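Only one chain comes next, encoded as C-alpha cells, the form predicted on its own.
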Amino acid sequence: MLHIPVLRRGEPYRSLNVNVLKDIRTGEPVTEVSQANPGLIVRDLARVGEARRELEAFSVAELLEICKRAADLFLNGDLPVGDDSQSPDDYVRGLSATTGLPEALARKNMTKSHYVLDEMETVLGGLTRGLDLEILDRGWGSQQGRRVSYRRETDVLGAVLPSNSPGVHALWLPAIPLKVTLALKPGRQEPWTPHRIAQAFIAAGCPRSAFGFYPTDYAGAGEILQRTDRCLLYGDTTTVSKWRAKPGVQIHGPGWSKVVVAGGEAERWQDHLEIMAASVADNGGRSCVNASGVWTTSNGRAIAEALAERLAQIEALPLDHPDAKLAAMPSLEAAQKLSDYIDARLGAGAEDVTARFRPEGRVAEAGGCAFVLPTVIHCADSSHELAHAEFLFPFVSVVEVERDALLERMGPSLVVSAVTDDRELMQEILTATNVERLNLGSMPTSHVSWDQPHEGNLFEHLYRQRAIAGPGIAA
C-alpha cells in the first residue's frame, strides 16, 4: 500500500503509528499516512533556526526561480511519496478517493497552485505593495526615496490545514520565497497536496530542511499552534474560537461569503443570475469563498426561485465523470444527517425553494457515493438561523432586507461581491469592517486575484516594517 511519510526537515520518516485513508466509494484502503506524535513535533520545532539559515542563504530572486521550476513539477512531474513515485494522475485519483472531490475539480484546483507558484513574483508584488524584494535579502534599502527595513517575525510558519479544498494551499506558498520555513499539519483526509508541493519544491532545488510535514492529531496540531510565532489556522467556528486570542495565529474560519444585489441592480437581477450561481456552486461549494448568502434590497423571492431552478440542474455524478461538479459526502448516513439538520430548521420564515425542482429529495447517490444536492433557502426573516448558515456543499440563503439595514444584518463576510449602482452603499461597503475582501461589480465571490491578499496578508503576517536611520546606511 502507498505510504505517505512524515517529513522531518524534508526527510521522509515512517512512524509506527499510521492512519489508513479509505476510498470514499468502496471503503478499500488507498494509503497509510504516518502520524507525528507531539514530542517529535516539539523536537523538530526546536531546530527551525538551522533550517531557516539554510533557506536564507538563497536570494529572493533565486527562490522565485525555484518556485517556477516547482510549478511545473507539481503540475506535470512524477514526484516521490515515501518509497514510491506519484504521477499527476495518481495524485488526482488519490485526492478524489479520500476527500470526495471530483477528479475534474481536483485538476482545476491543481492549476491554482501551479499559477501561484509560476507567477510568484506578481503575487509577492501584490502582497508587499511593490516592495523591492532585494530589500529582504539585505534587510534594508530604499523604496520611493525612503529608507526602509523589514524584520522577519518568525523562523517558521505553522499551518493547520483543512481537507475541504486543495486550492487553499496556494495561500501559504509565498512563505518559501519570503524565506520562512514551514511546519504543515495537513487535513486528515487531504495529505496529498501539501506533501506533493513540498516534494516539488525539493526537486526544484529548495533546501529540504525548509519543510516539516506533520500528519498528526489534535494534540500535535496544538503544539504547532503554541510553538510557532506565526501560524495559519483553518477550521470551523468551534476550532478557531479557542485560538483567536493568541498573537501570531491568523484565523481562517468559516467564510459566510455573500453576493449583495442592491439598488437598480436588484431590479435587473436576471443580468446577474449566473454570477450568483457560480458564487454558490464553483468548486463544489466547498470553499470559504463560495457564497452562502445572496442579500438583496428587492425581488428576493424571484431571485431565490430562479437561482433554485438554475442550481437544481447540477446532477450528482461519479467522481471520475468529466462533468462532475458536486463533491461526495463521507457516507450516506452523513449526507442524510446534514439534510435532516436543514429540514428541521425550515418553516418560520425559511423555505427550501429547490424542493419543487428536485422532487426526488435533497440526498442522491451516484458512483458509489452519497451527495447533498444544491439547496436554495428563501429566508423571509434576516435573523433566521439558515440565513447565516454555511455548509460544505452548494447551499445558499436568499434574504431580502431594507437597504439601510443590509450591512449590519448580513454579519461578517470573507468575500462580498457587491452588485449595485447605489454609490453611497458602495462607499459604506468599502469602509465596512465586517467585509474582508470586496469584489465591486458583477463577478462571482469565487473570483480570486492572487496578487491581492485573500484573507489577511501573509507578508504582513510574517514581516514587520521598522524604522531605520543612521549615517552608515545608504539611501
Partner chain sequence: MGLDEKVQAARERLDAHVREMVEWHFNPESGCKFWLDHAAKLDFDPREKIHGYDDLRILGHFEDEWLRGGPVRRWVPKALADQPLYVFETGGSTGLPKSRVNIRDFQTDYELFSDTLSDETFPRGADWLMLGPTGPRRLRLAIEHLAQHRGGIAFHVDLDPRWVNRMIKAGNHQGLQDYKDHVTDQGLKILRGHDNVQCLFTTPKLLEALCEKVSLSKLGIKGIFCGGTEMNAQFNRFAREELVPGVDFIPTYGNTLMGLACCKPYDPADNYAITYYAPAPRAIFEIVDPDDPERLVDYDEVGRVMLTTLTKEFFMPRFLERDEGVRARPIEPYPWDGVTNLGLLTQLSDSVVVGVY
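The model shown is predicted, which means the values in this text are computed figures rather than measured ones. Positions refer to the first chain, counted from 1.
Below, we turn to the form predicted together with the partner chain, even though it does not appear here.
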Contact with the partner chain in the predicted complex, heavy atom within 4.5 Å, among 282, 265, 223, 390 goes to 223
Is residue 465 a contact residue for the partner chain in the predicted complex, using a 4.5 Å heavy atom cut-off?
no
Just to confirm, residue 29 within 4.5 Å of the partner chain in the predicted complex by heavy atoms? no
Residue-level question: is residue 14 within 4.5 Å of the partner chain in the predicted complex, judged on heavy atoms? yes
Close approach of residue 40 to the partner chain in the predicted complex, 4.5 Å, heavy atom: yes
Partner contact check in the predicted complex: of 416 to 424, 63 to 71, 42 to 50, 441 to 449, the stretch with a heavy atom within 4.5 Å of the partner chain is 42 to 50
Across 237 to 276, the residues having a non-hydrogen atom within 4.5 Å of the partner chain in the predicted complex turn out to be 242, 243
